[in-house]
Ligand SMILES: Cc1cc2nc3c(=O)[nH]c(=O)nc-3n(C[C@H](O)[C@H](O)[C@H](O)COP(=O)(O)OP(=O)(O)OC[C@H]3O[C@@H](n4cnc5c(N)ncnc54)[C@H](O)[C@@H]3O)c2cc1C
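In the block that follows, a single chain appears as structure tokens, in the form predicted on its own.
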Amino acid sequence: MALDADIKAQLNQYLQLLENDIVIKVSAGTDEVSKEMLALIDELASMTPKIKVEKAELKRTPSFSVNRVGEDTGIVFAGVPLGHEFTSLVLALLQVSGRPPKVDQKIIDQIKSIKEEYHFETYVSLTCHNCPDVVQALNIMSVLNPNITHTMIDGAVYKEEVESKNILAVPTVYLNGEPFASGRMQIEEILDKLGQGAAVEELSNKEPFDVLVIGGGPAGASAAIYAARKGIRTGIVAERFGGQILDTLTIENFISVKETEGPKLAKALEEHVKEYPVDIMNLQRAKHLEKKDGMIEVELENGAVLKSKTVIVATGARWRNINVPGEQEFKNKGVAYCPHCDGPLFAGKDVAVIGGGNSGVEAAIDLAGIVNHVTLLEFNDHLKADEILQERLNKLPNVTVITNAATKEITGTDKVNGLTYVDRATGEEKHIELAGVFVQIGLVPNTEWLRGTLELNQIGEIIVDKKGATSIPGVFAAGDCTDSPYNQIIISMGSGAIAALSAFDYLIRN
């Protein structure tokens, strides 16, 4: 397997940055994946004298580990880490060689203080854009702490293992042989789950802010940057930095950038915010907001209370659930929301997509190239997607479109085995046998915690004026959680800027 010239040139540059010698220990067989893996490792070793290769007996074949000389570092790749995991491999090589990982010192100290033995295993697909975050976070933890090990497992290579564990969503993480977590996680989230998160007192003892932004998506990041540039004390509370764009693969309408990926844009947003003295409080969820003695108090889920002179709510939106029996029970067991991430786990199987808008039709087109057959179900009597997408969909031989279909139930025992829907034209109930169901029916605003506090419209969006002001003086809102007529990244960023400038204006006048 020869790497293409561009990747080779990139790799050559990265390998110049290796600080010390590293040893790659290889466990290979005679199968095709082993041959591909050996070719990749030989190519790496041929580029620098700092990489030595040894044969070894590892837990899985094919796999290889990346180690310091004379020491097992605990980082293993079971499969060939190309696709989205290629960066994970490059970073593992650099970090094991001695290049410090780009994480805050506070997080490094938290990782180094862990005394327990933690052996993590992450099941991934190479097309999953969420998986590298988890793989890279756990690899960093393994580099920094000898009590921690991590193995990345390509689900397409270890199909029997994936099926025996009923893994139907990636990334799925096991800790010491037991299920630990599923879905995208940053290093702080993993530490939080291990009981190493930020203390309530530490948050509650913070000085009041001039502007407190709630939400870390495009609107929140934009608001924080615009506020910080005014030289006022700015904080940002985010459940996960990046928000909804973390679940978006291709972005082609972000003006001046022809094409990018959601996670890449999220990282760029966070790095831009960190250029300013913004107090970032990640992995925190707001629970209640009220105005008290001229200050706005925001209570977090963990009980901490933050105070600020003004607040900008930018909590965004999330995938809408269909709310039928079986959806919650089989989440990550056949019910999925990300075709790019979880599609490869359904290779050769039959799946359904619920939703005939752009996201539903795009999902069906993507999945048709991976799975055996796709059934697209739309509640109305016609698809709502753009004409160009419908034309592409109609050319696919393994897609069936059913309109006027009301999903009644997702069925299964330990995992999804089918879907029952009602034909709205005839009232007849029908059942399709399936291995997976992808839900793509739009977004719902993250504003439940504000009911009875701010004025919301009938679908839960925050009502704002042209300055982003809400029904409470000093509280502004921006992005997909508001009654803006369109949900687009560029619109969210613009509204975040408007809210920040309005908050600054409010502070000057009051």
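What you see is a predicted model; the values in this text were computed from it and never measured. One-based numbering along the sequence shown. Rigid core (definition): largest C-alpha set, two forms, superposition within 1.5 Å.
What comes next is about the form predicted together with the ligand, which is not displayed.
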Exercise. Just one of Ser182, Thr250, Asn404, Asn372 has a heavy atom within 4.5 angstroms of the ligand in the predicted bound form, so which one?
Worked result: Thr250
Exercise. Only one of Lys333, Lys309, Arg240, His84 has a non-hydrogen atom within 4.5 angstroms of the ligand in the predicted bound form; which is it?
Worked result: Arg240
Exercise. Using a 4.5 Å heavy atom cut-off, are Ile214, Cys338 and Gly479 all in contact with the ligand in the predicted bound form?
Worked result: yes
Exercise. Just one stretch in 321-329, 172-180, 232-240, 93-101 has heavy atoms within 4.5 Å of the ligand in the predicted bound form, so which one is it?
Worked result: 232-240
Problem set entry | Touches the ligand in the predicted bound form: Ile245 (any heavy atom, 4.5 Å) | yes
For this session: Please check if Gln488 has a heavy atom lying within 4.5 Å of any heavy atom of the ligand in the predicted bound form.
Result: yes
For this session: With heavy atoms only and a cut-off of 4.5 Å, decide whether Gln284 touches the ligand in the predicted bound form.
Result: yes
Exercise. Is Ala317 one of the residues lying within 4.5 Å of the ligand in the predicted bound form, judged by heavy atom distances?
Worked result: yes
Exercise. Is it true that Asn332 shifts between this form and the one not shown by 2 Å or more at the Cα, once the core is aligned?
Worked result: yes
Exercise. So, does Asn321 move by 2 Å or more at the CA between this form and the one not shown, with the core held fixed?
Worked result: yes
For this session: Specify closer or farther for Ala181 and Gln440: how their Cα atoms are spaced in the predicted bound form versus the shown form, given a shift of 3 angstroms or more.
Result: farther
Problem set entry | Closer or farther in the predicted bound form: C-alpha pair Gly442, Lys267 (3 angstroms or more) | farther
